[in-house]
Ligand SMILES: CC(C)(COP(=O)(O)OP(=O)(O)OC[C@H]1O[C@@H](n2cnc3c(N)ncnc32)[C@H](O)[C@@H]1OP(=O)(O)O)[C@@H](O)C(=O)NCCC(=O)NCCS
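Here we start with a single chain on its own, the form predicted alone, put down as structure tokens.
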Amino acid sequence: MRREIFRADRARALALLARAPFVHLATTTPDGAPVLRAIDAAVLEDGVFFHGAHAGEKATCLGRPAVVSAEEVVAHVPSWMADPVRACPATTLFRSVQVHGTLTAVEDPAVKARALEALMRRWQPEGRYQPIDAHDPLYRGELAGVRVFSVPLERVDGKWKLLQNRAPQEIERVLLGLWERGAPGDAEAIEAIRDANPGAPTPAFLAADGVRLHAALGPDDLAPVEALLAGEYWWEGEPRELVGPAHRAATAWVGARAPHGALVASARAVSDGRCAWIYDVVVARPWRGRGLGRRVMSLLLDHPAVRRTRFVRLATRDAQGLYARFGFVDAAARRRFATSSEMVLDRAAVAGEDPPRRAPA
């Protein structure tokens, strides 16, 4: 790699390869003709595995050098975010990975079964099939009839191009520009850029004393937010396993971390463009009384998915004072809502089950 500042560590590079919906295989035929194919692959500790036909094109490339690659676009950055006049600062931010090795045929039935089972677990995590085992008569014929290929992890190159070559002030301008634009994925791009450039200035919309605010939380925060919400009245009687899906489905999900990295505040919203509903505003008990709830709520209301809506709604039984500071009023006091009736479908009640006791959010 020409610029080492863009290099990502092996673990993160392989994680990108493993989550890619498909990868590309590049190699050559024995006469030197290029071959480029999109493939469905499983990444295991000793290589990248995929299947094909015994007499297919890939089989003619066995023993040849090969590259398996994948990439993710983080954000397209227009020039105006970095410079008001020059076109040159326009760029695309991305993550990419390449695995270099030799295209190999897998002959051991146990290894073939392991690779195919990994593909099944990836795309059918709910199971509902008999696991693939080399000793199972059910699969003996299939394992013999399919060819499994691998590209060993001889060299792994990860590239994270996330403004590491830009000046701190330019990075700050891009962060502000992404927040202003607020396109899908821009909040996540802000977090990726900050992670890659820890020395960059904190933009004003994320400024806070004693904590690090986040414009977007993600999969690594699902377990911590479940712990934060444990015991909160609005989740009483609800299965805790619903916390994760609810947060993954959020249109906006912001939060704050303590200096040691622990998640200490979180809030999410679901928006349809006209109306946004606020849910799960929570602050870790040791951090309450410091204004953190107000700061996180302010960030959530400023999130593009929320700030562009006409109506923002929430339900609470004990924090009316906090929300009143942002202009929230009792919905019944607004004529728009006074003539309408709220309706709810309780699937447990329809099924004849005893519905769980639930306090308002």
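Note that the structure is a prediction, hence the values are computed from the model and not measured. Position 1 is the first residue in the sequence shown; the rest follow in order.
Below, we refer to the form predicted in complex with the named molecule, which is not included among the displayed structures.
- The named molecule is not drawn, but in the predicted complex it has a heavy atom within 4.5 Å of residue 232.
- In the predicted complex, no heavy atom of residue 307 sits within 4.5 Å of the named molecule.
- For the chain shown alone, residue 283 is a contact residue for the named molecule in the predicted complex, at least one non-hydrogen atom being within 4.5 angstroms.
- Among heavy atoms of residue 292, some come within 4.5 Å of the named molecule in the predicted complex.
- In summary, among the residues 319, 33, 329, 39, the only one with a non-hydrogen atom within 4.5 Å of the named molecule in the predicted complex is 319.
- For the candidate set 140, 121, 76, 288, a heavy atom within 4.5 Å of the named molecule in the predicted complex is found for exactly one residue, namely 288.
- Judged by heavy atoms within 4.5 Å of the named molecule in the predicted complex, the contact stretch among the candidates 216-224, 126-134, 174-182, 275-283 is 275-283.
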